[in-house]
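Next up: a single chain in structure tokens, the form predicted alone.
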């Protein structure tokens, strides 16, 4: 595996993330997925927004763009329309994708443009001070919710499916091999693919929620995740507070880039 990391990382490690952060696990899962996909590195475009996880674009030896907060999908859409040959991966955090970028997320799903969105969900705004995000579970504490958040959290996979994404999955950093395989499957799917990667943030989330040790957070993931297949056999009461991992949804629909090509052809014929 060392050869994989040498191939896909720029050599500017060590990274800046806190000890116990799950971002490095997600980044290594992406590197292993790219190795399995065997795309030429010059044909891969990796776009990130703003946040702890979005620093990932600076570490990976690909075509990379570190964009504005919440706007990664807008940049990615423009790039994919202009250069359809590119394999586009969009890396966002939970606040980046579901809060300031929520509208872009919904419409990227609706358009079904052929790219892979990876949303790292650590349930908190880790970089900017530990505020609660749209994916912070109800009742969990944050700097802006010292007595627990009263907001209902988005179910990101349900939101993506409802908005029109044609591949939707959820993985986590404890089950890193499965996360790698889900990213591979998402990239091979023709259309807009979403992979939610449930991650750990012991500093900004864990210490406010009685899990200050990274190992405690990893063990919590181990004990509180169930597969899609297991969940199908469980009651609502049994699924309370459980994270359902695996492929949630896949279908086929007209892809935005193909429609754009047909539109341009009609426009040319009309000249």
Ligand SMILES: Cc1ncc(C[n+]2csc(CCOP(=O)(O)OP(=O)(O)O)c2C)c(N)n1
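Predicted model only: the values in this text are computed from it and were never measured. Residue numbers count along the first chain shown, from 1.
What comes next is about the form predicted together with the ligand, which does not appear here.
Listed stretches are 189 to 197, 176 to 184, 148 to 156, 117 to 125; the contact stretch with the ligand in the predicted bound form is 117 to 125, by a heavy atom cutoff of 4.5 Å. By the criterion of a heavy atom within 4.5 Å, residue 26 is excluded from the residues contacting the ligand in the predicted bound form. The closest non-hydrogen atom of residue 245 lies beyond 4.5 Å of the ligand in the predicted bound form. Not displayed here, the ligand is kept clear of residue 33 by more than 4.5 Å at the level of heavy atoms in the predicted bound form. In the predicted bound form, at least one heavy atom of residue 69 sits within 4.5 Å of the ligand. Residue-level contacts in the predicted bound form: of 226, 218, 50, 62, one residue has a heavy atom within 4.5 Å of the ligand, and it is 50.
Shown here without the ligand, the chain has 93, 94, 95 in 73 to 95 lying with a heavy atom within 4.5 Å of that partner in the predicted bound form.
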